[in-house]
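The form predicted alone is given below as one chain in structure tokens.
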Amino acid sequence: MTKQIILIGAGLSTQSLVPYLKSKLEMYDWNLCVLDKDLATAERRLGEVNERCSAGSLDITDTIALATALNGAHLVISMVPAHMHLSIAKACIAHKAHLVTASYLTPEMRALDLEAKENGLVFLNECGLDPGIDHMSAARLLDGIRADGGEIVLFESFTGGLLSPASEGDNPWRYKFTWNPRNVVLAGQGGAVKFIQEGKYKYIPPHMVFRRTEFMNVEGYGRFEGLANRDSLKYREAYGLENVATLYRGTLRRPGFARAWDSFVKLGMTDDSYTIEHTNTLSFREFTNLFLAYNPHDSVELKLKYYLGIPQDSDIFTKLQWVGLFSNQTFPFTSGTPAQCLEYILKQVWTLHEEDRDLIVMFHKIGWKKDGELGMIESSMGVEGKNSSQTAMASTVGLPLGIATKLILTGEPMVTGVQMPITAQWYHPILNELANDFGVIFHEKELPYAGY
């Protein structure tokens, strides 16, 4: 029987997902429909059409249109913003369609577990890169250590979406946007960061997130700084780490990024809670001056250095100058929050050029105790993109979703309900295919236990 796959949302993260699915349509007797609010986006993402694939427009806030789109669907891949998944999930239950997403599992989604099970449905969440490949690679390591009789005492995990060294050029940040720029600008907001260090609960208030970093070397890719993710503790139960002494999940950037970004935080440029009017009359330089004390004699540069305590020869000032904070370029919109204005400024220099290659780096460090002895393993993975339209970010987000789709539609009967890909039924086949067919390979080495 022909099975219908519906992909809702045709953004950048579907660059590799759509070709993967199209390559399987004939083999598995599938049809694919790519839907987006903007028809041109859906058509561009789908590319060449045939009798097995089509593109269309869909406004998912239109419940009738959503129900019509899902009529006859066997599986839905939802790539819309995270807060929009719930209406799609409820429609999937009504139409008895499986659901796969790359977004974080929310309490509202989890509440649909019983209904999904009653209808024999798999609702798989967090099956992208981070979350996704990070979960699967960590779970494989943790299960292997436990099967060998080890008790986990330390768990750290970091992921970074960065630039390939070959594309860094004279960019002092060594960074460009490889995923949603708005999410990058707003990172670090939304409450205190929480983790466990050597049995002690630790909290980092939002205004200090970019000043508390951990440095590490990842073999083959150099030195990085790790910034703590918002809430490492929510994965204790999922990972079976209720009694672990150290639990820390974070994001990787090149050294020096965090301290320079902290300047934006201190200035108030990452604030998304109020609107600045008449932004179209402001230059980037005048926007920067909004956040500095009035002084008719000192330059904007001098006032910023004084306010932030930046020395004349600091590389922090070099970074701020390089992104265009003192430029005479103006904004094209009439109003916006400080965060929206900062995002526009950064897009001018942090948007990938056609030939740019991005880099995904993932790093796990796990410590365990066995027979009174302590051991440690480091596991790392790096993937480089080919160019701005074939990015490592899109591949590592989209391909796990495609492989999961194949498993659900063609594999053995699976555990149903709302879940994450942290069991062997998911991580073995997905990680194996990623390694064998797409070069997403983890390298492990054992070390003497070194603590946090």
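We number the residues from 1 along the sequence you see. In this text the structure is predicted, and so the values were computed from the model without any measurement.
What comes next is about the form predicted together with another copy of the chain, which is not displayed.
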Mark K96 yes when one of its heavy atoms lies within 4.5 Å of a heavy atom of another copy of the chain in the predicted bound form, and no otherwise. no
F291 within 4.5 Å of another copy of the chain in the predicted bound form, heavy atoms: yes
With a 4.5 Å heavy atom cut-off, would you call E301 a contact of another copy of the chain in the predicted bound form? no
May I ask you to check whether F215 falls inside a 4.5 Å heavy atom distance of another copy of the chain in the predicted bound form? no
Pick from P205, G222, G149, P311: which residue has any heavy atom within 4.5 angstroms of another copy of the chain in the predicted bound form? P205
Please identify the residue among M376, I276, L86, V80 with any heavy atom within 4.5 Å of another copy of the chain in the predicted bound form. I276
Is it true that Y344, V383 and D437, all three, sit within 4.5 Å of another copy of the chain in the predicted bound form, judged by heavy atoms? no
Looking at 316 to 324, 67 to 75, 197 to 205, 134 to 142, which one sits within 4.5 Å of another copy of the chain in the predicted bound form if you count heavy atoms only? 197 to 205
